[in-house]
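First, one chain by itself in structure tokens, the form predicted on its own.
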């Protein structure tokens, strides 16, 4: 895949809207794992060296289009030692920027227009900038205003991290080493049908976990209690299982689950086989036997492609 990258661009004095993925875990106001931020720093530092004036746009959690300060990016700005702009649509800071300056815009998901990919919101977000750079591989599949909408209003390029991720993924997809194991998890089958079909065609083994796995268990006739799943995706799940079989791909769905009576970090957790889940059980994460099987599959694989979390993530 040929991407337009920042190499060779003249960015001195240019205002750059940079999409990063800073959706990190924060507990009691402190970042517990800064890996995603640190991985983004090479692009940020390169833009600084090039004399760009950079405003980073990112999200944290799911504030559902409301200004919920539980999901503020303030701890990330503090970690990066950059100013936090309290409103991602506020442009007043731009007049005071100098070449090489970097600021962080407050959570773009404080606006409903972000996840709705609202064209007016995207236009306001892009206003005042000269170019847009995407360095957020993990959210690039989402048709949101900060990933898709702004590209209608600004010339767009890939950052160093995104270009590297695409290069590595292309190599794996075109010339993979076998046996190839793919693990797909997360919350919704409906958003990953294309991914599941593509990996079922490519992989030797496909593990389906998380709430996706719960939907597949339901489609196969299991009781899933009071858990997160998509009952309307039963036929799609069954179709993917059939498609995988036609492509000689072995599909592994959850054997057991960690359950509680509520979906909460402090919920009392029980391990249950899929056929023992009770009507008021809420699935929290992967079960002991399922996890052990996954570890074995990873150890025996030459290549592993992993997308999504297999349980509660904070």
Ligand code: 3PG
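Just so it is clear, the structure is predicted and the values come from calculations on it, not from any experiment. Positions refer to the first chain, counted from 1.
The form predicted in complex with the ligand exists for this protein as well; it is not shown, and the discussion that follows is about that form.
- Residues placing heavy atoms within 4.5 Å of the ligand in the predicted bound form fall in a single listed stretch, namely 138 to 146, out of 100 to 108, 198 to 206, 138 to 146, 68 to 76.
- A residue is said to contact a partner when one of its heavy atoms sits within 4.5 Å of a partner heavy atom; residue 62 meets this definition for the ligand in the predicted bound form.
- With a 4.5 Å cutoff on heavy atoms, residue 272 does not count as touching the ligand in the predicted bound form; it lies far away.
- Under a 4.5 angstroms non-hydrogen atom cutoff, the ligand in the predicted bound form has residue 36 among its neighbouring residues.
- Among residues of the shown chain, residue 290 is not one whose heavy atoms approach the ligand to within 4.5 Å in the predicted bound form.
- Shown without its partner, the chain has 21, 23 in segment 13 to 34 as residues with a non-hydrogen atom within 4.5 angstroms of the ligand in the predicted bound form.
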